[in-house]
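A lone chain, given as structure tokens: the form predicted alone.
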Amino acid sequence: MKNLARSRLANIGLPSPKNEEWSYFPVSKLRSIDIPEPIESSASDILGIKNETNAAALFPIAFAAYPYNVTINQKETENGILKTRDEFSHSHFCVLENAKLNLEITGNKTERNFISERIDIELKENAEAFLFFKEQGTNDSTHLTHFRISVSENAKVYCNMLLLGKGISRTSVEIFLNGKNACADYRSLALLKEQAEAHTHIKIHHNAQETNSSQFARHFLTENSYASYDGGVFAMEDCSKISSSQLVNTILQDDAKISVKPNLKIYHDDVECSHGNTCGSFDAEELFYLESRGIEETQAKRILTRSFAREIFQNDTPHANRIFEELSLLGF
């Protein structure tokens, strides 16, 4: 598998500013990576490496010492915490029929200039996965995280992401809804300040009929921080009764910036796909209402920020409360 990844990486090369999927990311941060020489391999391509176009999905496989593999047996429930400390890491979870995975993933806090990790999750029929991912980089670090999630018939994946601000991060998520009634629910909150950057790149492939997906992302950006959100939905041919929604909301303060790009590719008529995007400052009337009742401006903004977050994580996933524990630690 490693040789396959190295060969593919040598073939596609490092991303450039002209690469549409990396257009918002400062690709100059990747120049220190040495592309290995291609090596012939006869390994089975179970992860779609031969057709991979995302370098972030290849780095961990090409350079990681060894993969971390976990299988959750049928009808079992696994509660786990994934902590990586290596510069490159690759983890693979296989959730068998009617099993459930509750996984908390904490970002790599090792003091390195560059970190890249990949998490593969394979859900069999009627399986469920609840993921909580917290990205909290270090100053002057570049952190790439790639998720590849395969969802079978009647299986469901729920992703709760919390992006906190230091350094530069890129979180890419590719979800394949491969069976009837497969479902994906993605929710993320980015709280950035200073010079922090958080780039999110989502691809959801509806490869079967009657599949459902939703993307709900919110950003609270202050000072000179920057975020980008590139959300893609692919409704394939002969896949009727697909439902997909995408909503991105942003609160900007100071000199912060945001770039948002919805990307819908629909190859069938009988689908429901929507997207929306709003961007602005705090609601002046809400802020005035709180201040008129004796609440100082700083505290009023904290209240509004917490409310801003609560609306996005009102689902019943096991890790939703973890989001608010983190917000409390941050003073919200």
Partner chain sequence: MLSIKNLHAALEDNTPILRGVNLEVKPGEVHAIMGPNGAGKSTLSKVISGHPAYHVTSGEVLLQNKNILDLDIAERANAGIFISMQYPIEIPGVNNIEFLRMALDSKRAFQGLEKISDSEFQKILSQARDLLEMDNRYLERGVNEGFSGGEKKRNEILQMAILQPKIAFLDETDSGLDIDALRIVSKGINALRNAERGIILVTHYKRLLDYVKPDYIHVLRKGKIVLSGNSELAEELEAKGYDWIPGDEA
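Positions refer to the first chain, counted from 1. Model, not experiment: these values are computed from the prediction. Each form is matched to the other, and the largest set of C-alpha atoms that superpose within 1.5 Å is called the rigid core.
Just so it is clear, the following notes concern the form predicted in complex with the partner chain, a form of the same protein that is not shown.
**Student:** For the interface check, one of 44 to 52, 271 to 279, 295 to 303, 66 to 74 should have non-hydrogen atoms within 4.5 Å of the partner chain in the predicted bound form; which one?
**Tutor:** It is 295 to 303 that comes within 4.5 Å of the partner.
**Student:** Heavy atom to heavy atom, is Y267 within 4.5 Å of the partner chain in the predicted bound form?
**Tutor:** No, Y267 sits far enough from the partner chain in the predicted bound form that none of its heavy atoms falls within 4.5 Å.
**Student:** Does S307 make contact with the partner chain in the predicted bound form, using a 4.5 Å heavy atom cut-off?
**Tutor:** Yes - in the predicted bound form, heavy atoms of S307 and the partner chain come within 4.5 Å of each other.
**Student:** I'd like to know whether E285 contacts the partner chain in the predicted bound form, with contact meaning heavy atoms within 4.5 angstroms.
**Tutor:** Because a heavy atom of E285 falls inside 4.5 Å of the partner chain in the predicted bound form, the answer is yes.
**Student:** Would you classify V27 as touching the partner chain in the predicted bound form, given a 4.5 Å non-hydrogen atom cut-off?
**Tutor:** Contact check for V27: no, nothing within 4.5 Å of the partner chain in the predicted bound form.
**Student:** Using the rigid core as the reference frame, would you say F288 shifts its C-alpha by 2 Å or more between the shown form and the other one?
**Tutor:** Indeed, F288 is displaced by 2 Å or more.
**Student:** Tell me whether I266 is among the residues that move between the shown form and the other one (Cα shift of 2 angstroms or more, core superposed).
**Tutor:** It does not, since the I266 C-alpha is displaced less than 2 Å between the shown form and the other one after the core fit.
**Student:** Any CA movement of 2 Å or more for T298 between the shown form and the other one, core superposed?
**Tutor:** Yes, the C-alpha position differs by at least 2 Å between the shown form and the other one.
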